[in-house]
Structures are given as structure tokens and as C-alpha cells.
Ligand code: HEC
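Only one chain is included here, represented as C-alpha cells and corresponding to the form predicted alone.
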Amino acid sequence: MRASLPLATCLFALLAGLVAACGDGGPPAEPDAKKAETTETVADADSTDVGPGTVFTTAKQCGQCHREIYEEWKASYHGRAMSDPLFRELSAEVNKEECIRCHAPVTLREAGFETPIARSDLREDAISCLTCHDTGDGMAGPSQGLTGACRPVYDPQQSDVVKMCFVCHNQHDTGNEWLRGPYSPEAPEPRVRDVKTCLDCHMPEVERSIVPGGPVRKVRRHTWYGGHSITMLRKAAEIDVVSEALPDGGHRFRVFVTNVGAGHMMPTDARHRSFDTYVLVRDAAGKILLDPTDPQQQSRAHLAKFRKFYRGSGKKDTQIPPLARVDTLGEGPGYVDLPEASSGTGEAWLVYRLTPRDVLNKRSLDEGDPHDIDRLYRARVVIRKEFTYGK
């Protein structure tokens, strides 16, 4: 199952929690944590649609009780999986069945934790609460002792990332990358890293009540920050620069990237994503000798590309494994020689592209609003590392 499970989506834990992509700045502010003496149930006295015998069919129904979690989901790329402009373009305006089955799937349990099947209705709910929690008889979660209109049931499978996440997020081998990596429970001894799962990074723990008036408990965020988040991208990578004098004058500049925080390859999942390294070089007087945002100099300033290439491209994948430090894996030299650079300063850039056509320009240095449509096809400078060279 681990080697064959495909596609791109779930991991949702609505009842009490359940794994760099939505948003740009990490988790939202922590809610006020106030202890409550009332019994925690999933019944809301103000609800007009939720009550005993309710048949749950929409995420909005879940949101009447699980309000904070619902708002997180609605803003996430799970909640927006069918409306995201980039997805709509790449899926030919949602005409590809293999895309819909993970962006608007039937429940994971209905599909037997295998490759999901596309829903025929309520596709606007995308990857909804029901996708990951609905058992047919109630709502599964990792906590025991809950009662309420949605008939919550304890199911340890809710925290099994192979079942909950791999069915969609293993389409491009992301799950298997983690299983082969140093954070996996199957990593060889002696371990170099403690076990971490998808949940630890993409659904971090938070203390809060899961219904209004309920007791505060440890649960999980439902934000799934990842490849759309500058914060998560910065947690995944570090860069450093090595400059060395050339025999006939000038310097060679080499940029290394280390996958310090991703439990899988970097980048992972969609084949159109990439990390690229660039270098900006100034002389001792501050004059720019090499500028990555100058269209005339950009190709020379581009040192390496790290990417899982499209099938049939004939190119070897150049993703960075967990904990690896590399200057290139074959796509680009990893360095640039500047005979005119005797001494001065510079910057190494780690640039992230969601698609190959993302343009690197001066506006790429401005983080801006990650949900701005204008940003969809603009490269993002994730890390800028200052350095000096020469005397």
C-alpha cells in the first residue's frame, strides 16, 4: 500500500486533532485558553441545523459547533482545493477526473483508505471535514469520551498518516520520501532524528476547546501550512555561500542548500514546483556586478534548480533529500565565476517557484499578500544570505 497509494489532499482531523501550505506567516494567533466547567459535546444551543438525528453532509454543518476549526479549514488549501486559481488552470478548469478525486473526494473510509473517488455532489466543499472524519455512522476522531449530534467515535486510524495522508499526498511519492527519511519510525538505528510525522509539522498542536464552552485540551491546527507558506519554506531550508579566489583574478561563488526541516524531499509533491539558487554580487564600492533581477544577467546569476521534473522530460529529478547539503544535483553548475569580482559583498538567494513560469523580478523580494492573484506567477525569494568576499 505504501508504495502504490497516490494523489494530493487529506489529513483532516476535526474533532480533536490529527501533516511547509496555506498562508504565508505560520499559524494564526493562539486563541484565549480558558478552562470551562461545562461538559464538552458537539451540540450547539444556537444551532438551527444541527441536532439529534442530523445527517451531516456539509462542512458548514460541522462549523456550527467546531467554529474555530471550521474557519481554519475554510481558509486552508484543503478548504480551497476546488477554487484555487492555479489548480483550476492546471486541471483544465476542473475537467480532469484524476484531479477531482483528491480535490473533492468521497470519504476516505468509503474509499477503503485507497485512492479516493471523486464526489458527484457538493464539490465546492473540496476536501471537507467529512472527507477525513465521516464513518457512515458518525464522525471519527482521535479522542475518546465525546458525545454530540455528529455521533463522535474514537478511531486510532485518525492519527495514522499512512491511511489519512498517503492516499492523496503520495501521488508524487511524498509519503514514501518520509518513510525513507530520518524522521520515519522505520529509520535505521542509530537514529539521527527523533520520529516526526506529517502532523507534527503540518498540523501542530494547540491548546483550545473544540466547541464553545468546552474544556481546553490539546488538539491540532487545521491549517496545513506548506509550500504556499514563506514561514514553512524557511523552516525547511538553510543556505550558505563559499567564495574562493580564482587563479587569474576574480572569485567563484558557490551556494549550498541544506534541507534542515522537511521530512521529505525538497521540494515535494507537485512536479511544477522548484527551488532555485541565485547570487547577487557587488564590488567594494557597492556597485552591482551581477543582479538576478536583471533579465540580461539572470541566467548567469542562476546557479542551480532543485525540482521533480515532469514525466517524459528526460531530466533527472534534483530534489534535496532530508538533511542533505548540496550545491547542485545536476541541473545547473551550482556556482558562477566572476573575473571582475576582486572584493566586496553579495547575497545568496533561495527562490521558490510554484510553476516554471513564475517570474523573478524586484517584486519577488516583497513578500506581500500570499493570496494575491498577482503573486501566483511570481517567484518568491524565500531566503537572502549576506556574505563578503576578497580582502
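From 1 onward, residues are counted along the sequence shown. Here the structure is a predicted model, which means the values were calculated and not measured.
Although it is not shown, the form predicted in complex with the named molecule is what the next lines describe.
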Open item on the list: Exactly one residue in 278, 253, 306, 224 has a non-hydrogen atom within 4.5 Å of the named molecule in the predicted bound form; which is it?
Closed with: 224
Task: Proximity to the named molecule in the predicted bound form, single hit among 291, 98, 240, 317 (heavy atom within 4.5 Å) - done: 98
TODO: Counting only non-hydrogen atoms, choose the one of 278-286, 298-306, 245-253, 81-89 that falls within 4.5 Å of the named molecule in the predicted bound form.
DONE: 81-89
Task: Contact test in the predicted bound form: residue 313 vs the named molecule, heavy atoms, 4.5 Å - done: no
- [ ] State yes or no: in the predicted bound form, is some non-hydrogen atom of residue 329 no more than 4.5 angstroms from a non-hydrogen atom of the named molecule?
- [x] no
Open item on the list: Contact with the named molecule in the predicted bound form for residue 215, defined as at least one heavy atom pair within 4.5 Å: yes or no?
Closed with: yes
Open item on the list: So, residue 257 and the named molecule: in the predicted bound form, are they within 4.5 Å at any heavy atom pair?
Closed with: no
Open item on the list: Pick out the residues of 121-156 whose heavy atoms come within 4.5 Å of the named molecule in the predicted bound form.
Closed with: 127, 128, 129, 130, 131, 132, 133, 139, 140, 141, 142, 143, 146, 147, 148, 149, 150, 152
